[in-house]
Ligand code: ADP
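Let's start with one chain on its own, the form predicted alone, as structure tokens.
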């Protein structure tokens, strides 16, 4: 038979830095262990026995020397290759059990199989079988806190066997148990040894050590004795490591379902993230709070901005879609305007004939005193053509609007607004066909216009009369204040403005006029609204960043709190990518759920806002909601990456030591 050891250690040292010097815990250890042995490593506390076991189990690395497993030099293996070795060949039984408190017994046993690629049905059935074999069938769905010490240790043994466990490392397996439970655990270890597994047990109790076939005594980091109870030489009659029937069947299961391993591992990482979040609900909510506020603010600001733009467009539309006003002079306040050749009604008629103009009206206005019976009020008198009402989007609420015949006849028919109706007819009298004095001119009311955004600029009651009537009977002059035209919506407002300037410049021989384009007003208002939205959005983005930093800080704390869990997962075979995925998924989930709640907060705010006021409406867009989800995901990835990376870089033995 072959005498090749499965584990071989040559001149192995383990030193730890201590200031400018180093302390040697293991000193030149040489050791060979063969398949099927049951080995006890004994020694006093601080002798180095646990350190030796950690190195043999690939939880720790030697400072120098060689360590071979089946002739593979462990020093040449990277972190993931070491995880594979632990996952496929080793099983660990810890003194303090190291079970994951948020999982039940069966889920704890299944953890190694998740990382080895075993399918969910196969690992469920195998875990149940192992627990049943160890007398825990009725405790499969109990969490560690609901199990006795002996039961927890048996769960730990089942976990060690989940992936086959050719070599079982047991660190003080009975140290935390009563005598009866300890006896049961030793009996199980003997049964595993009888099945052909290699058992390496660390203990300070020499009575426990006597249970092994081979006893290695270590003191001050050096092996001082190595003997077998049967008197045979070390290595005699031993075989090279070959998987037991159980290990072979496990490998077969993994092979058959290996293609689904990645998906299964991600699902497990997702499940663990949910469990961790549920276990710390208040902390999770406080972590989300910054994201909720940030996302809610962003969505609300976008809705406010779009609502503002919609309101602006409606107001502009109400004032007359795509209108242009032409005034005499070089600008408002130009004293030369009264001395220059004033705009005439003929200029308006010429503009009305252009194909791109849908309507044109001269405008004359004057502030006068209005009187009805014993009621007087200051009113704004506007002289306009019949086209003015169409240009400005005005409609009659009562009566009619005067027509072109009224303009031609210089009729004393007028249309009043809602303010004038309230001022003169507050008693409810119908204003239609009533006669009022406007200045010294008696006029008959033929209609009342509906309120519209185009009238919001006037604070006084307003009366509209044919401009010919105002010229001849009220102000006694032909000069008009301005011309208002409506441009065809199919024509560019800028192009129409240029055409108007060109036409009037030719007619008048000079450009002694200036233009106000409603499209320019709209653009200015939209720009102002966009600027305000951008400013508030910047504040909201700052909230998101602050929320992201909060996520990162809490996740860093979570890594610290769950160091032992990380160490256990690494000990049973989790790769660094598995650990990183678990914490990264948790961070992304926190941010995504926070994003959903933030969107819900924004929609709730919009609903309340809509009930409080009907003057303004928030406009929520699908694009902004999708962008909010994207922001949540990106924040989770960016700010969750560092904590996840820190968790994945933890050294297994150091993680396990932080209990």
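Quantities reported herein were computed from a predicted structural model and do not represent experimental measurements. Numbering follows the first chain given and starts at 1.
From this point on, the text means the form predicted together with adenosine-5'-diphosphate (ADP), which you will not see here.
- The chain is drawn here without adenosine-5'-diphosphate (ADP); in the predicted complex, the stretch among 39 to 47, 625 to 633, 588 to 596, 603 to 611 whose residues come within 4.5 Å of it by any heavy atom is 39 to 47.
- For the chain shown alone, residue 650 is not a contact residue for adenosine-5'-diphosphate (ADP) in the predicted complex, no non-hydrogen atom being within 4.5 angstroms.
- Interface membership of residue 12, defined by any non-hydrogen atom within 4.5 Å of adenosine-5'-diphosphate (ADP) in the predicted complex, is ruled out.
- Residues of 18 to 32 placing a heavy atom within 4.5 Å of adenosine-5'-diphosphate (ADP) in the predicted complex: 25 alone.
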